[in-house]
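Encoded as structure tokens, the following chain is the form predicted on its own, with no partner shown.
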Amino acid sequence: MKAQFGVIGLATMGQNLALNMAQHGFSVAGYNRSAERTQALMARVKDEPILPTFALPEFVSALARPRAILLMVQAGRPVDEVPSELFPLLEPGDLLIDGGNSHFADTERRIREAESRGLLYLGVGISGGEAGALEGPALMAGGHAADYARIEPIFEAIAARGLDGPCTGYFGPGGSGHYVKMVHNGIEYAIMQTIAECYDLLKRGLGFTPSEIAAVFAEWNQKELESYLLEITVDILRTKDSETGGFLVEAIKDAAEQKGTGKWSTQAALDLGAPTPTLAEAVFARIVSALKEERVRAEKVLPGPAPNPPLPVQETLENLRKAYALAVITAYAQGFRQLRDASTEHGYGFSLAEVARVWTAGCIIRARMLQDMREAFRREPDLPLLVLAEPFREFWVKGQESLRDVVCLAHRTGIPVPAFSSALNFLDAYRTGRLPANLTQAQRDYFGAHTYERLDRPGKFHTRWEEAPRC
């Protein structure tokens, strides 16, 4: 018997996806350049229909025609290297699926190359981490619709189950699936940064211990703010260090790493002209955190504000909860706005309501409020910004003063809050009918003759500023 599906790349994610498929009754052939990883997968197999292979020709021969192969290798050069070896072994009609965190533009290039050989290619963003890969991830596919339809039954079987069905979806041609996953990761960065800022304010502002902060987050997670990221943060903050007996989180070096998808999301937003400052600030926060040695030196020579009187605990907690809600909503709003603009710019044509549906379970940014986001986009598919719709507008109405108080409190105490600050700045700018950009445009025209538009009549105008009358 030939295997129905193949998986190349058997690190933890690849192994778990292979096991997930096999546990749902699909026969799977697995291959990894390192035989040890293939053997590690087989050590986990009980009676699942998984066939180990140890060379690419053997792997290809083990698959039923037309073949369907999932690539789970590191994004970048490896995704080009493996197909270069694999393509000569394949036949027209065989389907290659890149399930890694590839850049959407690379995916579009690879689709063209595959098509030139008569092969099929999908770019699929997969979110859920190691546990999600085994128990049910969220899957975001892009490429040709007919190619996705071919493997849709497998994806529906292995995907997480939300209230509205399996969390897998087709988002259009080209690199649309990887674009959706890229923005997902940008939102993920922003939410993680917001939670970290709450942790810092509770720790340094109120003097809370990690277990006390965990109790605050656990309470938040029982209500409308319920999310996977809050849930795991509670577990992290309650975990003890087996070596010291203290809290493990306090023993971890405060220098965050990144794999690039958050940066790509910001770069792509700049290319589009999509406003995602909170997502961008989360990337810069990680970059600043990596300057650990410099920060330690700077702490000794750059004094901060004088000590403040003790903060009112209950008032601060309530303000922080409302501010957190607004900052998280703003992160989603910016991400969805970028997806809206990208769908138009690149011709993807996907539905934001469908994006929200796929994110309701399995993925890292899954949260209760995504159900309301889906409904908001179903009511108004071209909604320009999420906070204009209910119930999100009400969060602004009831929470804006709290967000302002939290930002002021953080600045007075010298605690950096780039996510909170950028969310407030963005929303204040978005709700302001007249911004000072008129002065910026005049400056551009003064030094570069870039022209400007007027409020009172159409057209482009240029002024010889040096010769113009002065008051």
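In case it trips you up, residue 1 is the first one in the sequence shown, and so on. These numbers come from a predicted model, not from an experiment.
We do not show the form predicted together with a small molecule, though everything after this point is about it.
Engineer: At 4.5 Å by heavy atoms, is each residue in 224, 371 and 398 next to the small molecule in the model of the complex?
Structural biologist: No, the whole trio is out of contact, none within 4.5 Å by any heavy atom.
Engineer: Would you check, heavy atoms only and a 4.5 Å threshold, whether residue 13 touches the small molecule in the model of the complex?
Structural biologist: Although the small molecule is absent here, residue 13 would touch it in the model of the complex, with heavy atoms inside 4.5 Å.
Engineer: Is there a heavy atom of residue 443 lying 4.5 Å or less from a heavy atom of the small molecule in the model of the complex?
Structural biologist: The answer is no: residue 443 has no heavy atom within 4.5 Å of the small molecule.
Engineer: With a 4.5 Å heavy atom cut-off, would you call residue 74 a contact of the small molecule in the model of the complex?
Structural biologist: The answer is yes: residue 74 has a heavy atom within 4.5 Å of the small molecule.
Engineer: My question is simply whether residue 34 lines the interface with the small molecule in the model of the complex - judged by any non-hydrogen atom within 4.5 Å.
Structural biologist: Yes, residue 34 is a contact residue.
Engineer: Residues in which of 124-132, 314-322, 349-357, 328-336 have heavy atoms within 4.5 Å of the small molecule in the model of the complex?
Structural biologist: Going through the listed ranges, the match is 124-132.
Engineer: The small molecule isn't shown here, but in the model of the complex which of 293, 212, 250, 81 has a heavy atom within 4.5 Å of it?
Structural biologist: Checking each option against the small molecule in the model of the complex, the one that comes within 4.5 Å is 81.
Engineer: Going by heavy atom distances of 4.5 angstroms or less, which of 262, 169, 205, 100 would be at the interface with the small molecule in the model of the complex?
Structural biologist: Spelling it out, the residue with a heavy atom inside the cut-off is 100.
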